[in-house]
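Shown next as structure tokens: one chain only, the form predicted on its own.
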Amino acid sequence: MAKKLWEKAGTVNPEIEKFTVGKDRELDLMLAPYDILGSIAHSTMLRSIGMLTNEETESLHRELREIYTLTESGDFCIEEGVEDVHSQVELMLTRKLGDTGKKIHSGRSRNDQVLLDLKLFIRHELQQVCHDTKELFDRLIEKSNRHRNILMPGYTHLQVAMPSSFGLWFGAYAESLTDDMLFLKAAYCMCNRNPLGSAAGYGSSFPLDRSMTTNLMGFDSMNYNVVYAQMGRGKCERNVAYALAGVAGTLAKMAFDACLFNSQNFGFIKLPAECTTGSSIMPHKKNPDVFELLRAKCNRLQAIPTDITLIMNNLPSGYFRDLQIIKEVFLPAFEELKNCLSMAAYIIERIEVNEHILDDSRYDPMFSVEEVNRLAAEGLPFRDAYKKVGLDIEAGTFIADKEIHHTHEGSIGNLCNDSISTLMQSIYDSMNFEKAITAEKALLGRI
């Protein structure tokens, strides 16, 4: 059995080891590619300060890149008895390179290694989440433009209120994602800072060149204060989780609307057949299971920031093992949200809208405000116009004028979708994902 990196004499009780390692080994598989990228950057820096020779560095890079290909093919594993991904990578290097493999830990602690792995992982996953969010946004804008002239009821208190449109409904969720993208950008900027060189949280006596590793990995800057770099563990995950929760909140609300509007009592939309399921005893049923599960999954995602807060909120500065548990709730969240975004984009693109909702006279009263405003514009005091229309509705003499010609900004006739799209694109472009992507390719020798 492989010895622990920290092990000196004696052995750990197997039950204690099982309890303390928990799910860390399986979760660390998600971090493996990033541990290798960090090791390539770190060894390059060690060469620059005379801690490694050119030959040692080249051999380390060669083996690290070989290990990286194993993570891509799914053949990388953490062996039984090996504590974590950091230990596994160092073990593999030592088997191949002997003492050279042991030198790679100079100037590092597992504390700053896991911080770095998490930040590189988060950075990569946020790129994917932003891309998928933008994809859903594009589907919503396209749907909004296509159905901009089809009216539907707007609701307050779940009561028919005023005229809305499918252009407004689809477009509302598109603009909501624009605000969510701002939070994703803040999360990306926060995680895109290099903690490597902070070691166990108090720096190293080696003359580490932290600016070099920052540039090599394509970070925007470093975490300058080494104590804060360690204090950022948990805080970074919590703030990123809030950004993910923002997107999830938009999806959950949209899913609720879709389930409601798809029901027979509303009949505003029709979901694609392949996205519904039937009943074992009721042959007429077409249940919106995908949207219902999407709603539940997204509501669960919105609880993750609270989970993380409760784990790390009462910890003083410095490292504590409590922080390990955050991985269990945090790392899987990205895949969950990406799946929800993908499903939402698929269904939104294929939703059919009812173009004849207003043929039903039950929706006539929603045009009452239009009539009140028309009378007020002609000179009748607003309160008198309001009273007249109200009495007409009660008497059953109100006749709805369903022709609406609003052109002011943000109204049914002027959705401002081009402005919303421009805003979304500017936020997305400002994150400059290419900088990080190019840096990682360079570390792997792929450019």
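One-based numbering along the sequence shown. These numbers were taken from a predicted model, which means no experiment stands behind them.
Not on display, but discussed next: the form predicted in complex with a small molecule.
In the model of the complex, the small molecule stays beyond 4.5 Å of every heavy atom belonging to residue 146.
Contact annotation for residue 123: none of its heavy atoms lies within 4.5 Å of the small molecule in the model of the complex. The closest non-hydrogen atom of residue 127 lies beyond 4.5 Å of the small molecule in the model of the complex.
Taking the partner from the other structure, the small molecule in the model of the complex has no heavy atom within 4.5 Å of any heavy atom of residue 100.
With the partner removed from view, the residue among 94, 324, 309, 176 that has a non-hydrogen atom within 4.5 Å of the small molecule in the model of the complex turns out to be 324. With the partner omitted here, the residue from 139, 86, 108, 295 that has a non-hydrogen atom within 4.5 angstroms of the small molecule in the model of the complex is 86. Annotated contacts: 135, 338 and 433 are all free of the small molecule in the model of the complex [non-hydrogen atom within 4.5 angstroms]. The partner is not drawn, yet in the model of the complex one stretch among 146-154, 315-323, 211-219, 189-197 has residues with heavy atoms inside 4.5 Å of the small molecule: 315-323.
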